[in-house]
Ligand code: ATP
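Next up is one chain by itself, shown in structure tokens, the form predicted alone.
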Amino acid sequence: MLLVGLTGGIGSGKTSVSSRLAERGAVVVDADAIVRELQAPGQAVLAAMVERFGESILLPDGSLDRQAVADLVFNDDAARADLGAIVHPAVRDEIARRVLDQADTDNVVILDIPLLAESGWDGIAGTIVVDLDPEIAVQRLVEFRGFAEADARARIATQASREERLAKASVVVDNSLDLEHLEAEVDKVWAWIESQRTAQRDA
């Protein structure tokens, strides 16, 4: 197994990159998808969140109202810390389990983790950083994901800075242009991954 980290700020297009890596044969372990699974009705994480924050974070069908949670914790450091204490250990354990399942394979495993620059992960061969100007990220969040501009800027401000992420990069994907450019950038990344696989086999 070759374990590689993938990160980028909100609005960077990290999901577009991970899906293209999957098309090239990588196994993607997606932290955001795991969060959604663990916060589904009937899961212990959701029950703990309701115990801490109350029934107001649930939609009528019993599923999580993500916007309600965001509204509760975004400007409340203590509430955000409590949420992290509930969610992050469970997510980390599930990521570790899925990586361990791949340990004896020859697969390329992509750890798609938004906060990789902040939290790190042991045993990765390198880190792919999806990069673009934060102003473009704001524009895309507003245009394609319905964010209010102030909300988009506030969320970007809570994450590692562009410079901090780039300092951790083994290889950078420039996602500031069109999809054709992105495909070429992912080809570049895949060539880097193949070089890492060769080095690992020869070690």
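Predicted, not measured: the structure shown is a model, and the values here were computed from it. Start at 1 with the first residue shown and count on from there.
Keep in mind that the form predicted together with adenosine-5'-triphosphate (ATP) is not shown, yet the notes after this line are about it.
>> Please identify, from 173 to 181, 58 to 66, 45 to 53, 160 to 168, the stretch that has a heavy atom within 4.5 Å of adenosine-5'-triphosphate (ATP) in the predicted bound form.
In response: Selected stretch: 173 to 181.
> Is D32 one of the residues lying within 4.5 Å of adenosine-5'-triphosphate (ATP) in the predicted bound form, judged by heavy atom distances?
Replying inline: Looking in the predicted bound form, residue contacts with adenosine-5'-triphosphate (ATP) include D32, since a heavy atom lies within 4.5 Å.
>> Just checking whether A22 would be counted as a contact of adenosine-5'-triphosphate (ATP) in the predicted bound form - the rule being heavy atoms within 4.5 angstroms.
In response: Heavy-atom contact with adenosine-5'-triphosphate (ATP) at 4.5 Å: absent for A22.
> Heavy atom to heavy atom, is R153 within 4.5 Å of adenosine-5'-triphosphate (ATP) in the predicted bound form?
Replying inline: No - in the predicted bound form, heavy atoms of R153 and adenosine-5'-triphosphate (ATP) never come within 4.5 Å of each other.
> What residues, if any, in 1 to 38 have a non-hydrogen atom within 4.5 angstroms of adenosine-5'-triphosphate (ATP) in the predicted bound form?
Replying inline: The stretch touches the partner through G9, I10, G11, S12, G13, K14, T15, S16, D32.
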